[in-house]
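What follows is a single chain, given as structure tokens, in the form predicted alone.
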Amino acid sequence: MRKPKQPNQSKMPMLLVALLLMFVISSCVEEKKTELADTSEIPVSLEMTAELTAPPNVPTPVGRRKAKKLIVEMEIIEKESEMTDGVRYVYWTFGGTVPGSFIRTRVGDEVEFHLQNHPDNKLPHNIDLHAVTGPGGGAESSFVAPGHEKVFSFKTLNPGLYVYHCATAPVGMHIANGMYGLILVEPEGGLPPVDKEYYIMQGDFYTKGKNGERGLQPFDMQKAVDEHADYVVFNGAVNALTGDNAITANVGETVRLFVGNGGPNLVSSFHVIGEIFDKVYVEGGDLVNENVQTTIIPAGGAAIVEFRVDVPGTFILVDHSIFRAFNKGALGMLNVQGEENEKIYSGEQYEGIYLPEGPGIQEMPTTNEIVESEIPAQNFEEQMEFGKQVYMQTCFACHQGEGQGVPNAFPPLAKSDYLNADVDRAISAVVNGLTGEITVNGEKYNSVMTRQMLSSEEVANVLTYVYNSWGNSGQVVTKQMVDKVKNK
């Protein structure tokens, strides 16, 4: 008599493992669903007014506070301000700044939002918060005319860093004029503590005049539709995060940047030169990437980046679509103070001779399409102001913030004997470019300075700024002096 067929013993453990995995995954999914559903049931205790901050500052972390009824009062202000060096623009703002005021909440808060349209404004506006679960992200409930106020409320269900923006037609135009900001929804118990936190948001701007053309510049809809940005900037203006406006930290501190991209069109490739992000909360959500060099932030999106600063110096924040940084304004600075650590970064240790194989030919740009400024500097103070703007946008990368240059590559402008000896030679270097070996302060340099695409006014202003900074001669350069060199 044949014995009954027995189950394959070798397959039994595999079957049990598969069933166990299915049970675990199912349990996790159900747990996640329950967790998400529970956020709408989180009770609130008491009422508080939200602390709102202007960039690059952020409000106090929520810590372990309980969910509350959070009152947010935000005023829409249409205001004229400076984009860069004599370029004026009428911004439409949330809270008077671009980006708008930073809003900090936690999961389970009941937000009562008061949107006020200043009576001096010319247009109606509204607000769409990507953190809102509801029609239009709040836009349908918040359309408000000048001199009026709208109130609506919502529950914060999902932790993360979210963009908000105006969604009044034409939506792109309202965003392009600066109507965007960030709202942070912290998880229960708050984010892990760090030493420094900052708020940075990129935006692209479209003006009737070309980049650098002075005067009050209106918005250009056709350029915006074609996605031909004249300016790509952090926090609403060229140099909003450089010089005296730079963010700061000390060696050994941890830094958290809340980085958004208002768009309206361009994706940001956010990078800090000389640092590596220890953590990136991808698109502002739960997914954490580690050891990241550059992170993509879509238009209408955000990311949280964290890193520890281990050595002192100036660290440059850029959109690594690099012409945007050095030619259109998407550049900021993090100034770090503290003791050097040669184990991590030694600085220059050796200089040798490098002889490349084969001939090398370098040519200067020959285009003559230079737009003369519509608004000339009226006095020395304006020359210094406009000149500094040109320097930070055009000269900073090679000659550095204090004119110290880059050793063995680009000569110093500070206390420069080469510069101070011959003003016409200095003008010619800017106007025509310079190549070949030169000696500056006893050191030899052999690199290429390409011709700078600047108007005579801009050349005069930037050289006046350089000559009157960092221990130089105090020479004032005029447009006539520049024209004389150009016409030789």
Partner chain sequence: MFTHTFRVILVILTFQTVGFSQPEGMVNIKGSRYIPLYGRDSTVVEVKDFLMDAYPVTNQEFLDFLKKNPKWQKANILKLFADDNYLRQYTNDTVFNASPNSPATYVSWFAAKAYCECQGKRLPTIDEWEYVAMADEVTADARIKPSYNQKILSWYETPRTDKKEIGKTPKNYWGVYDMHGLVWEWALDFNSVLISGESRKDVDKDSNLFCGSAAIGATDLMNYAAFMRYAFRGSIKARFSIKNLGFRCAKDVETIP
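Residue numbers count along the first chain shown, from 1. These figures come from a predicted structure and were not determined experimentally.
Form predicted together with its partner chain: not shown, discussed below.
Scanning 156, 239, 416, 126 against its partner chain in the model of the complex with a 4.5 Å heavy atom cut-off leaves one residue, 126. Taking a 4.5 Å heavy atom cutoff to its partner chain in the model of the complex, the contact residue among 210, 114, 148, 228 is 148.
Heavy atoms within 4.5 Å of its partner chain in the model of the complex are found in one stretch of 170 to 178, 68 to 76, 277 to 285, 406 to 414, which is 170 to 178. Residue 338 falls outside the set of residues with a heavy atom inside 4.5 Å of its partner chain in the model of the complex. Heavy atoms of residue 378 never reach within 4.5 Å of its partner chain in the model of the complex, leaving it off the interface. Though the partner is left out of this view, residue 121 does reach within 4.5 Å of its partner chain in the model of the complex, counting heavy atoms only.
Residue contact check for residue 322: none of its heavy atoms lie within 4.5 Å of its partner chain in the model of the complex.
Looking at its partner chain in the model of the complex, residues 92, 140 and 143 each place a heavy atom within 4.5 Å of it.
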